[in-house]
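Below you'll find only one chain, the form predicted alone, shown as structure tokens.
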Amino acid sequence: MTKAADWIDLSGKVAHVTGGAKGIGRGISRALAMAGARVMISDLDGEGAQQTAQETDGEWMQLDVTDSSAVAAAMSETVERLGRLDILVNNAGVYHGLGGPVGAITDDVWKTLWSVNVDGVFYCCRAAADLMVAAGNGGRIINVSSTQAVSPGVGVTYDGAKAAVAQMTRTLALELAPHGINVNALAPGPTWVHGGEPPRTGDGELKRTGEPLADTVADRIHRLPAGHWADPLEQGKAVVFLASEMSDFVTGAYLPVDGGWLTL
């Protein structure tokens, strides 16, 4: 008889995690490996990707997700090296140029953030979907969006990009469902990526700055219902759910993992 534990077992599956050198990407890579998947970790930071691969007994490669040709080659290389591609996690992203008035956002900041956070997700989805459809085994694509996609407060650059990722996810879910490919979005809330235990809220880890957008985020974090920041592994656990048989009938979803952030 099948046991519930079998539904979460990713043994025999191959996952590619972009932006896996540190932070949430490292937590996701660890969780997938703990569930039995073989993991390819890619990042612009090749040294960090190699370190995550060593921690997870995985493989690694250096990758700039804004380079569409490099992305296509990387997804094909994953299949060549690991034999297949079942799960793609689009985690690579940048988080600078936030807050402040819209007039202060430079063209370079806007273009850089959107090229990584939106173009990069699209390039990876396109390349992985082509391989998954050709293989005929279905698959999982998990795009890392953010709670800021629906609850703005950080800045038009980041919030807008993450909203675009959420909508891209829904559209691809419709297109790829006939091929047995589920496409979902993870929406992390405040996640501590600096090592050590996540701090309790109200400990002064965020200060009010006088900037309306930044203060909105600081105020919400200090009132977070869960009472603390998430650990990257907590985001990884949610990814394992979306990558496993537990979510067979889940596609086009936007899953907040936010400790109650969106209830505020």
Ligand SMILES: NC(=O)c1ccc[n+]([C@@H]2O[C@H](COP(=O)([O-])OP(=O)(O)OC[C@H]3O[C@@H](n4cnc5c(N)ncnc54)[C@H](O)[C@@H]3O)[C@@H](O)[C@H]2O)c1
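Residue indices: 1-based, along the sequence shown. Computed from a predicted structure; not experimentally measured.
Absent from the display: the form predicted in complex with the named molecule. The rest refers to it.
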{"item": "Site test, Ala128, Ile181 and Tyr254 vs the named molecule in the predicted bound form, non-hydrogen atom cutoff 4.5 Å", "value": "no"}
{"item": "Contact residue in the predicted bound form, chosen from Asp64, Asp231, Glu55, Asp219 - any heavy atom within 4.5 Å of the named molecule", "value": "Asp64"}
{"item": "Ala74, Ala173, Val116, Leu82 - the one with a heavy atom within 4.5 Å of the named molecule in the predicted bound form", "value": "Val116"}
{"item": "Options 103-111, 185-193, 74-82, 134-142; stretch whose heavy atom lies within 4.5 Å of the named molecule in the predicted bound form", "value": "185-193"}
{"item": "Exercise: Ser146 in contact with the named molecule in the predicted bound form, heavy atom 4.5 Å", "value": "yes"}
{"item": "Distance check, Tyr95 to the named molecule in the predicted bound form, heavy atom within 4.5 Å", "value": "yes"}
{"item": "In the predicted bound form, Ala243 touching the named molecule (heavy atom, 4.5 Å)", "value": "no"}
{"item": "is_contact(Ala15, the named molecule) in the predicted bound form, heavy atom dist at most 4.5 Å", "value": "no"}
{"item": "Within 4.5 Å of the named molecule in the predicted bound form: residues from 8-41 (heavy atom criterion)", "value": "Gly19, Ala21, Lys22, Gly23, Ile24, Gly25"}
